[in-house]
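In C-alpha coordinates, one chain follows: the form predicted alone.
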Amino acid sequence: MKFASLAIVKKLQNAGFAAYWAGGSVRDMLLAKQQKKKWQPKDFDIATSATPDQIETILPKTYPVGRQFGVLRVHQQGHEFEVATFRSDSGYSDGRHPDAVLFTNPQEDAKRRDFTINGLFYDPVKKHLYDYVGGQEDLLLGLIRFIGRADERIKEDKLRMLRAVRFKNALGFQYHPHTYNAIKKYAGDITVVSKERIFDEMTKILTGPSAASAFGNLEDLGLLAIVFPELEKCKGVAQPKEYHLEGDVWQHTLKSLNNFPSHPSSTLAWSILLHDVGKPDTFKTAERIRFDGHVTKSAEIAEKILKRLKAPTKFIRDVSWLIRHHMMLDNVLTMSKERRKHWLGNPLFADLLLLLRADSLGTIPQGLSLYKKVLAIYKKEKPRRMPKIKKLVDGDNLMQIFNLAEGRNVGRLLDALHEAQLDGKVKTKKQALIYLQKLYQQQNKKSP
(Lines give C-alpha, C1' and ligand atoms only; values in the text may rest on other atoms or scores of the structure.)
Protein backbone atom coordinates (compact mmCIF):
# COMPACT_ATOMS: atom_id res chain seq x y z
CA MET A 1 0.00 0.00 0.00
CA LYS A 2 2.82 2.40 0.85
CA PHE A 3 4.48 1.93 -2.54
CA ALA A 4 1.16 2.28 -4.37
CA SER A 5 0.47 5.60 -2.64
CA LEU A 6 4.01 6.74 -3.43
CA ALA A 7 3.40 5.92 -7.09
CA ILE A 8 0.35 8.23 -7.13
CA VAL A 9 2.33 11.06 -5.51
CA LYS A 10 5.11 10.67 -8.06
CA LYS A 11 2.69 10.71 -11.01
CA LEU A 12 1.11 13.94 -9.78
CA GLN A 13 4.46 15.57 -9.02
CA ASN A 14 5.89 14.53 -12.39
CA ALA A 15 2.92 16.27 -14.01
CA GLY A 16 3.93 19.50 -12.27
CA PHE A 17 1.61 19.46 -9.26
CA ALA A 18 2.23 19.44 -5.53
CA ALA A 19 1.18 16.14 -3.95
CA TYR A 20 1.59 14.98 -0.35
CA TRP A 21 0.45 12.35 2.10
CA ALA A 22 -2.09 13.98 4.41
CA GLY A 23 -3.79 13.45 7.75
CA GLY A 24 -3.77 10.20 9.69
CA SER A 25 -0.95 8.44 7.88
CA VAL A 26 1.41 11.36 8.57
CA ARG A 27 0.29 11.56 12.19
CA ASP A 28 0.85 7.85 12.74
CA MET A 29 4.22 7.93 10.97
CA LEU A 30 5.47 10.69 13.28
CA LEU A 31 4.05 9.00 16.37
CA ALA A 32 5.75 5.72 15.48
CA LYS A 33 9.05 7.54 15.08
CA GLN A 34 8.51 9.45 18.33
CA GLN A 35 7.69 6.25 20.24
CA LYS A 36 10.38 4.21 18.44
CA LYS A 37 7.80 1.75 17.15
CA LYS A 38 7.29 0.16 13.76
CA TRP A 39 5.03 2.26 11.53
CA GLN A 40 2.12 0.18 10.26
CA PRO A 41 -0.03 2.47 8.07
CA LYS A 42 -3.63 1.39 7.54
CA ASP A 43 -4.38 3.79 4.70
CA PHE A 44 -3.06 6.84 2.91
CA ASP A 45 -4.90 10.01 1.97
CA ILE A 46 -3.26 12.19 -0.67
CA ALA A 47 -3.68 15.94 -1.05
CA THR A 48 -2.69 17.75 -4.23
CA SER A 49 -2.79 21.06 -6.09
CA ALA A 50 -4.24 19.24 -9.14
CA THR A 51 -7.95 19.82 -9.75
CA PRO A 52 -10.35 16.87 -10.15
CA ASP A 53 -10.25 17.25 -13.94
CA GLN A 54 -6.46 17.17 -13.90
CA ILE A 55 -6.37 14.20 -11.50
CA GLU A 56 -8.65 12.25 -13.85
CA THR A 57 -6.31 12.99 -16.74
CA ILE A 58 -3.16 11.93 -14.85
CA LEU A 59 -4.60 8.93 -13.00
CA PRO A 60 -6.78 6.68 -15.17
CA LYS A 61 -8.61 4.63 -12.55
CA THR A 62 -10.61 7.29 -10.67
CA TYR A 63 -14.11 7.32 -9.18
CA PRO A 64 -15.91 10.63 -8.46
CA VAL A 65 -17.37 9.77 -5.04
CA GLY A 66 -16.95 13.32 -3.65
CA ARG A 67 -16.06 15.23 -6.78
CA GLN A 68 -18.10 18.30 -5.80
CA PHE A 69 -15.75 18.65 -2.81
CA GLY A 70 -12.63 17.96 -4.86
CA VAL A 71 -12.33 14.33 -3.71
CA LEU A 72 -11.77 11.31 -5.95
CA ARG A 73 -11.19 7.63 -5.22
CA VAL A 74 -8.16 6.30 -7.07
CA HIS A 75 -7.22 2.67 -7.69
CA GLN A 76 -3.52 1.89 -7.85
CA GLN A 77 -1.79 -1.50 -7.72
CA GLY A 78 -4.80 -3.22 -6.17
CA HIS A 79 -5.37 -0.55 -3.49
CA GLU A 80 -7.81 2.33 -3.22
CA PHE A 81 -6.86 5.83 -2.10
CA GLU A 82 -8.62 9.12 -1.50
CA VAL A 83 -7.03 11.90 -3.53
CA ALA A 84 -8.27 15.42 -2.75
CA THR A 85 -7.53 18.83 -4.17
CA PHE A 86 -6.24 21.44 -1.69
CA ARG A 87 -9.31 23.47 -0.73
CA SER A 88 -10.83 25.96 1.69
CA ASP A 89 -14.47 25.71 2.73
CA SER A 90 -17.10 28.41 3.05
CA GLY A 91 -19.91 27.88 5.57
CA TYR A 92 -21.39 24.64 6.92
CA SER A 93 -25.12 25.33 7.12
CA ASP A 94 -25.95 21.60 7.40
CA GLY A 95 -23.31 21.05 10.10
CA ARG A 96 -21.40 18.61 7.93
CA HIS A 97 -20.79 19.66 4.32
CA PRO A 98 -19.27 22.96 3.14
CA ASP A 99 -21.69 25.31 1.37
CA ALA A 100 -18.98 26.20 -1.13
CA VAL A 101 -15.52 24.87 -1.97
CA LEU A 102 -12.62 26.94 -3.24
CA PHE A 103 -9.54 25.15 -4.58
CA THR A 104 -6.51 26.69 -2.94
CA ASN A 105 -3.10 25.86 -1.40
CA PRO A 106 -1.85 23.50 1.33
CA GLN A 107 -1.76 26.24 3.99
CA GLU A 108 -5.48 26.95 3.59
CA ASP A 109 -6.30 23.27 3.25
CA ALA A 110 -4.63 22.52 6.59
CA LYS A 111 -6.65 25.23 8.34
CA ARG A 112 -10.01 23.66 7.39
CA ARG A 113 -9.19 20.30 9.01
CA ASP A 114 -10.31 19.23 12.49
CA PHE A 115 -7.32 18.72 14.82
CA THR A 116 -3.77 19.97 14.60
CA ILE A 117 -2.41 16.42 14.65
CA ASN A 118 -4.52 15.65 11.57
CA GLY A 119 -3.45 18.79 9.68
CA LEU A 120 0.05 17.65 8.69
CA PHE A 121 1.40 16.99 5.18
CA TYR A 122 4.40 14.92 4.16
CA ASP A 123 6.18 14.76 0.82
CA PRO A 124 7.38 11.11 0.59
CA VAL A 125 9.53 11.93 -2.45
CA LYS A 126 11.48 14.82 -0.93
CA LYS A 127 10.94 13.42 2.60
CA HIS A 128 9.79 16.81 3.87
CA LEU A 129 7.14 17.58 6.53
CA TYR A 130 4.78 20.54 6.13
CA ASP A 131 3.21 21.77 9.37
CA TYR A 132 1.09 24.92 9.09
CA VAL A 133 -1.02 24.40 12.25
CA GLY A 134 1.34 23.32 15.05
CA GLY A 135 0.49 19.65 14.78
CA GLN A 136 4.04 18.46 15.35
CA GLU A 137 4.24 20.23 18.71
CA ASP A 138 0.87 18.82 19.82
CA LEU A 139 2.04 15.32 18.91
CA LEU A 140 5.04 15.79 21.18
CA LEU A 141 2.86 17.23 23.96
CA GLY A 142 0.15 14.61 23.51
CA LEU A 143 -2.69 17.12 23.03
CA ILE A 144 -5.98 16.99 21.11
CA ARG A 145 -6.43 20.56 19.92
CA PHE A 146 -8.80 21.94 17.31
CA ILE A 147 -7.24 23.93 14.50
CA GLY A 148 -8.02 27.61 14.97
CA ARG A 149 -11.15 28.36 17.01
CA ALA A 150 -12.57 25.24 18.63
CA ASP A 151 -16.18 26.45 18.44
CA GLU A 152 -15.88 27.13 14.70
CA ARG A 153 -14.48 23.65 14.00
CA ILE A 154 -17.32 22.08 16.02
CA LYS A 155 -20.00 24.15 14.29
CA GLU A 156 -18.69 22.97 10.94
CA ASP A 157 -19.23 19.33 11.91
CA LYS A 158 -20.65 18.36 15.30
CA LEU A 159 -19.34 14.81 14.93
CA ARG A 160 -15.89 16.23 15.65
CA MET A 161 -16.81 16.16 19.34
CA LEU A 162 -17.00 12.35 19.24
CA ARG A 163 -13.89 12.19 17.07
CA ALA A 164 -12.01 14.18 19.73
CA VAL A 165 -12.98 11.57 22.33
CA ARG A 166 -11.90 8.76 20.02
CA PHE A 167 -8.49 10.21 19.15
CA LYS A 168 -7.77 11.26 22.73
CA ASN A 169 -8.32 7.73 24.04
CA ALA A 170 -6.95 5.80 21.08
CA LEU A 171 -3.69 7.76 21.24
CA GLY A 172 -3.50 8.13 25.02
CA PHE A 173 -3.48 11.93 24.72
CA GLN A 174 -5.09 14.73 26.74
CA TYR A 175 -7.53 17.45 25.70
CA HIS A 176 -6.27 20.96 25.17
CA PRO A 177 -8.38 23.13 27.55
CA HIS A 178 -10.04 24.87 24.56
CA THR A 179 -11.03 21.47 23.16
CA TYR A 180 -12.48 20.26 26.46
CA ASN A 181 -14.42 23.43 27.19
CA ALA A 182 -15.83 23.72 23.67
CA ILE A 183 -17.12 20.13 23.68
CA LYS A 184 -18.79 20.62 27.07
CA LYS A 185 -20.38 23.81 25.74
CA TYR A 186 -21.73 22.30 22.51
CA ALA A 187 -22.42 18.71 23.64
CA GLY A 188 -26.16 19.22 23.17
CA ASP A 189 -25.65 19.90 19.48
CA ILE A 190 -24.60 16.30 18.82
CA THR A 191 -28.29 15.61 18.10
CA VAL A 192 -28.01 17.30 14.68
CA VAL A 193 -25.57 14.63 13.46
CA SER A 194 -27.12 11.79 11.48
CA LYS A 195 -27.74 8.66 13.53
CA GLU A 196 -25.76 6.54 11.07
CA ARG A 197 -22.63 8.68 11.55
CA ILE A 198 -22.99 8.53 15.34
CA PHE A 199 -23.33 4.74 15.21
CA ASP A 200 -20.24 4.46 13.02
CA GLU A 201 -18.16 6.73 15.28
CA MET A 202 -19.34 5.01 18.46
CA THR A 203 -18.41 1.65 16.94
CA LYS A 204 -14.90 2.95 16.26
CA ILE A 205 -14.66 4.14 19.87
CA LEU A 206 -15.94 0.83 21.24
CA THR A 207 -13.64 -1.36 19.15
CA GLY A 208 -10.59 0.85 19.62
CA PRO A 209 -8.16 1.12 22.52
CA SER A 210 -9.36 2.43 25.91
CA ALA A 211 -13.11 2.08 25.33
CA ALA A 212 -13.83 2.31 29.06
CA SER A 213 -11.84 5.54 29.39
CA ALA A 214 -13.61 6.95 26.31
CA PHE A 215 -17.03 6.29 27.82
CA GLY A 216 -15.90 7.91 31.04
CA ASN A 217 -15.02 10.96 28.94
CA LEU A 218 -18.41 10.88 27.21
CA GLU A 219 -20.06 10.97 30.63
CA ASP A 220 -17.86 13.83 31.86
CA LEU A 221 -18.34 15.92 28.71
CA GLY A 222 -22.13 15.59 28.79
CA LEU A 223 -22.34 13.52 25.61
CA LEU A 224 -23.38 10.24 27.25
CA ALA A 225 -26.67 11.62 28.58
CA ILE A 226 -27.61 12.83 25.09
CA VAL A 227 -26.49 9.90 22.95
CA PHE A 228 -27.21 7.15 25.50
CA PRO A 229 -29.73 8.33 28.12
CA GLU A 230 -30.40 4.67 28.91
CA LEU A 231 -26.77 4.22 30.00
CA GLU A 232 -26.86 7.47 31.97
CA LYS A 233 -29.65 5.85 34.05
CA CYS A 234 -27.19 3.15 35.14
CA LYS A 235 -25.28 5.69 37.25
CA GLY A 236 -26.12 5.35 40.93
CA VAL A 237 -28.04 2.07 40.55
CA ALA A 238 -26.81 -0.05 43.46
CA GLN A 239 -25.94 -3.74 43.06
CA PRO A 240 -25.88 -6.62 45.57
CA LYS A 241 -22.58 -6.55 47.45
CA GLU A 242 -22.45 -10.33 47.43
CA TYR A 243 -21.59 -10.18 43.72
CA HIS A 244 -20.67 -6.60 42.90
CA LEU A 245 -18.23 -4.84 45.19
CA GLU A 246 -17.01 -2.75 42.22
CA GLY A 247 -19.88 -0.30 42.60
CA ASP A 248 -23.04 0.64 40.73
CA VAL A 249 -24.23 -0.64 37.36
CA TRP A 250 -22.35 2.10 35.49
CA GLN A 251 -19.09 1.23 37.23
CA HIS A 252 -19.63 -2.43 36.37
CA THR A 253 -20.24 -1.51 32.73
CA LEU A 254 -17.02 0.52 32.56
CA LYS A 255 -15.06 -2.26 34.27
CA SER A 256 -16.46 -4.77 31.78
CA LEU A 257 -15.45 -2.51 28.89
CA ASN A 258 -11.99 -2.41 30.38
CA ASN A 259 -11.70 -6.16 29.89
CA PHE A 260 -12.16 -6.26 26.13
CA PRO A 261 -10.09 -8.69 24.11
CA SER A 262 -7.78 -7.07 21.56
CA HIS A 263 -9.65 -6.00 18.41
CA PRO A 264 -13.15 -7.12 19.48
CA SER A 265 -15.85 -7.59 16.90
CA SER A 266 -18.31 -4.70 16.78
CA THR A 267 -21.07 -7.12 17.80
CA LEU A 268 -19.19 -8.15 20.94
CA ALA A 269 -18.25 -4.56 21.78
CA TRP A 270 -21.82 -3.30 21.66
CA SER A 271 -23.13 -6.31 23.60
CA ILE A 272 -20.64 -5.67 26.42
CA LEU A 273 -21.62 -2.01 26.52
CA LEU A 274 -25.35 -2.77 26.74
CA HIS A 275 -25.46 -6.14 28.53
CA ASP A 276 -26.84 -4.66 31.78
CA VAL A 277 -28.65 -1.58 30.44
CA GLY A 278 -31.96 -3.05 31.65
CA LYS A 279 -30.95 -3.16 35.33
CA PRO A 280 -32.27 0.32 36.25
CA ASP A 281 -35.76 -0.70 35.08
CA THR A 282 -35.72 -4.02 36.95
CA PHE A 283 -34.20 -2.89 40.25
CA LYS A 284 -36.03 -4.14 43.35
CA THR A 285 -35.26 -5.24 46.90
CA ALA A 286 -36.39 -8.66 48.12
CA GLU A 287 -34.06 -10.00 50.82
CA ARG A 288 -31.28 -8.49 48.71
CA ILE A 289 -31.02 -6.21 45.69
CA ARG A 290 -32.43 -8.02 42.66
CA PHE A 291 -32.72 -7.42 38.91
CA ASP A 292 -35.20 -10.12 37.92
CA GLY A 293 -35.70 -10.22 34.18
CA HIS A 294 -32.93 -7.73 33.50
CA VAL A 295 -31.41 -9.85 30.73
CA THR A 296 -34.58 -9.71 28.63
CA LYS A 297 -35.06 -6.04 29.44
CA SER A 298 -31.45 -5.25 28.52
CA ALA A 299 -31.87 -6.97 25.15
CA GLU A 300 -35.07 -5.01 24.47
CA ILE A 301 -33.46 -1.68 25.35
CA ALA A 302 -30.36 -2.54 23.31
CA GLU A 303 -32.60 -3.17 20.31
CA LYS A 304 -34.28 0.21 20.77
CA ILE A 305 -30.94 2.01 21.07
CA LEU A 306 -29.47 0.34 18.00
CA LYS A 307 -32.66 0.86 16.02
CA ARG A 308 -32.54 4.55 16.98
CA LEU A 309 -28.96 4.68 15.69
CA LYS A 310 -30.09 2.93 12.48
CA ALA A 311 -27.77 -0.03 12.88
CA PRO A 312 -28.21 -2.90 10.39
CA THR A 313 -31.05 -5.29 11.22
CA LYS A 314 -28.86 -8.40 11.42
CA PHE A 315 -26.40 -6.57 13.65
CA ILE A 316 -29.21 -5.65 16.05
CA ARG A 317 -30.42 -9.25 16.16
CA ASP A 318 -26.92 -10.55 16.89
CA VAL A 319 -26.29 -8.06 19.72
CA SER A 320 -29.71 -8.84 21.18
CA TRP A 321 -29.00 -12.59 21.02
CA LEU A 322 -25.70 -12.18 22.87
CA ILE A 323 -27.29 -10.09 25.60
CA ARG A 324 -30.28 -12.44 25.99
CA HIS A 325 -28.02 -15.45 26.45
CA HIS A 326 -25.08 -14.02 28.38
CA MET A 327 -26.26 -15.50 31.70
CA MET A 328 -27.24 -18.91 30.32
CA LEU A 329 -23.82 -20.42 29.71
CA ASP A 330 -23.98 -22.55 32.83
CA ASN A 331 -26.62 -24.58 30.95
CA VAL A 332 -23.90 -25.68 28.54
CA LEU A 333 -22.34 -27.73 31.34
CA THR A 334 -25.44 -29.87 31.85
CA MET A 335 -27.21 -30.05 28.47
CA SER A 336 -26.99 -33.10 26.23
CA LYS A 337 -24.08 -33.31 23.82
CA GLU A 338 -26.45 -33.25 20.86
CA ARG A 339 -28.04 -29.99 21.97
CA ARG A 340 -24.65 -28.60 22.94
CA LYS A 341 -23.48 -29.02 19.35
CA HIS A 342 -26.03 -26.43 18.24
CA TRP A 343 -24.79 -23.97 20.85
CA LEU A 344 -21.10 -24.53 20.22
CA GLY A 345 -21.62 -24.41 16.46
CA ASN A 346 -23.38 -21.06 16.56
CA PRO A 347 -21.15 -18.43 14.89
CA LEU A 348 -21.90 -16.09 17.79
CA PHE A 349 -20.82 -18.52 20.51
CA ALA A 350 -17.18 -17.36 20.57
CA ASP A 351 -18.36 -13.79 21.22
CA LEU A 352 -20.81 -15.07 23.85
CA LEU A 353 -17.87 -16.63 25.70
CA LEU A 354 -15.92 -13.36 25.52
CA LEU A 355 -18.96 -11.46 26.79
CA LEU A 356 -19.09 -13.83 29.78
CA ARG A 357 -15.38 -13.20 30.38
CA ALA A 358 -15.72 -9.41 30.24
CA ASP A 359 -18.79 -9.53 32.49
CA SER A 360 -16.97 -11.76 35.00
CA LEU A 361 -13.84 -9.59 35.03
CA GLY A 362 -16.05 -6.53 35.42
CA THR A 363 -17.07 -7.67 38.90
CA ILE A 364 -15.37 -7.71 42.26
CA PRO A 365 -14.79 -10.43 43.34
CA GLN A 366 -13.89 -11.79 39.91
CA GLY A 367 -14.84 -15.33 39.00
CA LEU A 368 -13.68 -16.99 35.79
CA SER A 369 -14.50 -20.55 36.82
CA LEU A 370 -17.60 -20.85 34.58
CA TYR A 371 -15.83 -19.19 31.66
CA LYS A 372 -12.88 -21.58 31.88
CA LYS A 373 -15.14 -24.64 32.08
CA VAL A 374 -17.23 -23.64 29.08
CA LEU A 375 -14.13 -22.59 27.14
CA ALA A 376 -12.62 -26.04 27.69
CA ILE A 377 -15.79 -27.70 26.38
CA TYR A 378 -15.87 -25.32 23.42
CA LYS A 379 -12.29 -26.14 22.43
CA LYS A 380 -12.90 -29.86 22.79
CA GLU A 381 -16.37 -30.23 21.25
CA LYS A 382 -16.81 -27.35 18.81
CA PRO A 383 -18.28 -28.85 15.61
CA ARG A 384 -16.66 -27.99 12.30
CA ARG A 385 -20.05 -27.09 10.87
CA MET A 386 -23.22 -25.73 12.42
CA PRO A 387 -25.55 -28.73 12.97
CA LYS A 388 -28.69 -28.45 10.88
CA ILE A 389 -32.09 -28.27 12.46
CA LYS A 390 -35.27 -28.76 10.45
CA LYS A 391 -36.97 -25.49 9.55
CA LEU A 392 -40.62 -25.91 10.50
CA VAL A 393 -41.72 -22.30 9.91
CA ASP A 394 -39.97 -19.52 8.00
CA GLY A 395 -40.17 -15.73 8.17
CA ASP A 396 -42.68 -15.46 5.35
CA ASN A 397 -45.01 -17.88 7.17
CA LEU A 398 -44.77 -15.81 10.35
CA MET A 399 -45.43 -12.49 8.62
CA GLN A 400 -48.51 -13.96 6.93
CA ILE A 401 -49.91 -15.75 9.99
CA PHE A 402 -49.47 -12.84 12.43
CA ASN A 403 -49.67 -9.98 9.91
CA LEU A 404 -46.18 -8.80 10.87
CA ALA A 405 -43.85 -6.53 8.95
CA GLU A 406 -40.34 -7.78 8.28
CA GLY A 407 -38.08 -6.94 11.20
CA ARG A 408 -36.86 -7.90 14.67
CA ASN A 409 -40.27 -9.20 15.91
CA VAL A 410 -40.09 -11.91 13.27
CA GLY A 411 -36.48 -12.65 14.17
CA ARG A 412 -37.27 -12.96 17.89
CA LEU A 413 -40.08 -15.43 17.23
CA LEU A 414 -37.86 -17.55 14.98
CA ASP A 415 -35.07 -17.50 17.58
CA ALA A 416 -37.50 -18.63 20.28
CA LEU A 417 -38.77 -21.43 18.03
CA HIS A 418 -35.20 -22.53 17.37
CA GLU A 419 -34.54 -22.75 21.12
CA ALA A 420 -37.74 -24.72 21.64
CA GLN A 421 -36.68 -27.19 18.95
CA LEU A 422 -33.27 -27.61 20.58
CA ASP A 423 -35.00 -28.32 23.92
CA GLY A 424 -37.20 -30.94 22.26
CA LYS A 425 -40.38 -29.00 23.09
CA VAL A 426 -41.33 -28.63 19.43
CA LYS A 427 -40.92 -31.37 16.80
CA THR A 428 -43.64 -30.81 14.18
CA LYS A 429 -44.98 -27.86 12.19
CA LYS A 430 -48.30 -28.10 14.05
CA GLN A 431 -46.51 -27.90 17.41
CA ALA A 432 -44.44 -24.99 16.10
CA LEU A 433 -47.53 -22.97 15.13
CA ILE A 434 -49.18 -23.60 18.51
CA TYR A 435 -45.98 -22.62 20.32
CA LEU A 436 -45.57 -19.43 18.27
CA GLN A 437 -49.22 -18.47 18.74
CA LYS A 438 -48.89 -18.65 22.53
CA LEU A 439 -45.58 -16.78 22.47
CA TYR A 440 -47.00 -14.07 20.21
CA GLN A 441 -49.98 -13.58 22.53
CA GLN A 442 -47.67 -13.32 25.57
CA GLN A 443 -45.52 -10.72 23.85
CA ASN A 444 -48.56 -8.65 22.92
CA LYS A 445 -49.80 -8.69 26.52
CA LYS A 446 -46.45 -7.24 27.65
CA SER A 447 -46.60 -4.47 25.06
CA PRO A 448 -48.20 -1.18 26.27
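Note that residue numbering begins at 1 and tracks the sequence as displayed. All figures in this text were calculated on a predicted structure; none of them were measured in a lab.
The protein also exists as the form predicted together with a small molecule; that form is not presented, and the subsequent description refers to it.
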query	finding
Answer option from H244, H342, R112, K233, heavy atom within 4.5 Å of the small molecule in the model of the complex	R112
Answer option from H75, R163, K155, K297, heavy atom within 4.5 Å of the small molecule in the model of the complex	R163
Stretch from 412 to 420, 63 to 71, 35 to 43, 376 to 384 whose residues place a heavy atom within 4.5 Å of the small molecule in the model of the complex	35 to 43
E56 within 4.5 Å of the small molecule in the model of the complex, heavy atoms	no
Proximity of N118 to the small molecule in the model of the complex, heavy atoms at 4.5 Å	yes
Interface membership of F167, the small molecule in the model of the complex, 4.5 Å heavy atom rule	yes
